[in-house]
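Quick setup: one chain, the form predicted alone, written in structure tokens, and binding and motion questions come after.
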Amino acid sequence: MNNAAGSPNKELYLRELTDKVIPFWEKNCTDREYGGYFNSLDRDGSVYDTEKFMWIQWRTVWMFSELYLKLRKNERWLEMAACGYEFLTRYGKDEQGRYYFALARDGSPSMAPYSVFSDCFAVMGAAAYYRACGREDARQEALSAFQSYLDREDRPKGEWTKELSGRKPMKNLGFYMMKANLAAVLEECLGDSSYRREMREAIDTVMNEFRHPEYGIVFENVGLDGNFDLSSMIGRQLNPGHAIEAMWFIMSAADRMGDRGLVERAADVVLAELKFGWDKEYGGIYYFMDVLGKPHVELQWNMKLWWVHCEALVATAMAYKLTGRQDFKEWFEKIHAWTWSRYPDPEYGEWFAYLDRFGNITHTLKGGKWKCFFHLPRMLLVCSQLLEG
């Protein structure tokens, strides 16, 4: 355990973002020969693989655009966003307009477009880039990707799905929480409130179908009929970080819509998720859980991941600001202390991503197939804003 934790305040979060996290990615991520970004970065920033994953590349476009829009009009950040945007729009899609899951370094397709989340983050990246630079082609790219995302609702993995008729079809939380967030992003970046309907529909689905009325927490998968399946592993699966992230998306949207009741309902879910998902013996939030405490198929279920704790910091800070409830202030301070004493790397900057249940570092990478310039800088930026005044 390191001693990086200090008292939570705006300056601490902003300083970590501007002095430790942004410089790491500015220095190491840009592929100046082919375009796009190196994302598989070791502890010191050295590249250990050159494959480029679409959902991660687009997240990087979004993050540099967001920094330009909301932190400082730094032309370097806009240029770095453009580096990804040009590469992805040139090489990223198949003949049907779906974004591949991955490209080789030079832009050659390396993994089929089986993941709807490639399209998902194309919406976010292109929309934010449009707002930052005003290019009409970026606006059209965001709209095209959003339509592709919506078109895949009934079969997100398309022809690459593994499920056959013997498995009960289910809806996944990720699709609907991101649908709500994408509608909010489009409203903000395009200045168009016509996406409220999609946003409200997705929020209603999450709150009314994925939230279990007895347990008060959000499940990862529910039947197409909205029923919960407690007889299967997939039906009992919980991902507290996912649920907590979904709730701050919803709280933010509800605040903009002036729906105080929805703010309170989402805040209550955050509290329920933390009470259920917090490791009472060693601290931190579990990665996966089984609602009935049965054996879990995910071998990494009890690990403590950086992004889960980042989302919990955003959610508790936001819930405290919007509701004024003292229990959220206490949870924020508790999560802050646990997180900041373990994840930051005092030697090379940025944060470690993966800890075992006891809080020990298991991987030294700073970027990979699942970690990139997204959850951490977003958390630092949003929390620095929420901690103002």
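Because the structure is predicted, anything quoted here is derived from the model rather than measured. Note that residue numbering follows the sequence shown and begins at 1.
Keep in mind the form predicted in complex with a further copy of the same chain is missing from the figure; the text below concerns it.
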Item to check | Heavy atom of each of Y100, R167 and L299 within 4.5 Å of a further copy of the same chain in the predicted complex | outcome: yes
Checklist outcome for this item: Only hit among S231, N208, Q96, Q147 for heavy atom within 4.5 Å of a further copy of the same chain in the predicted complex is S231
Checklist entry - a further copy of the same chain isn't shown here, but in the predicted complex which of D137, E163, D225, D204 has a heavy atom within 4.5 Å of it? => result E163
Checklist entry - Does a further copy of the same chain come within 4.5 Å of any heavy atom of R236 in the predicted complex? => result yes
Next on the checklist: Test of understanding: in the predicted complex, would K20 fall inside 4.5 Å of a further copy of the same chain by heavy atoms?
Outcome noted: no
Checklist entry - Just to confirm, S40 within 4.5 Å of a further copy of the same chain in the predicted complex by heavy atoms? => result yes
Item to check | Distance check, K10 to a further copy of the same chain in the predicted complex, heavy atom within 4.5 Å | outcome: no
Next on the checklist: For the interface check, one of 107-115, 308-316, 212-220, 68-76 should have non-hydrogen atoms within 4.5 Å of a further copy of the same chain in the predicted complex; which one?
Outcome noted: 107-115
Checklist outcome for this item: Contacts from 35-71 to a further copy of the same chain in the predicted complex (any heavy atom within 4.5 Å), listed N to C, are S40, D42, Y48, D49, E51, F53
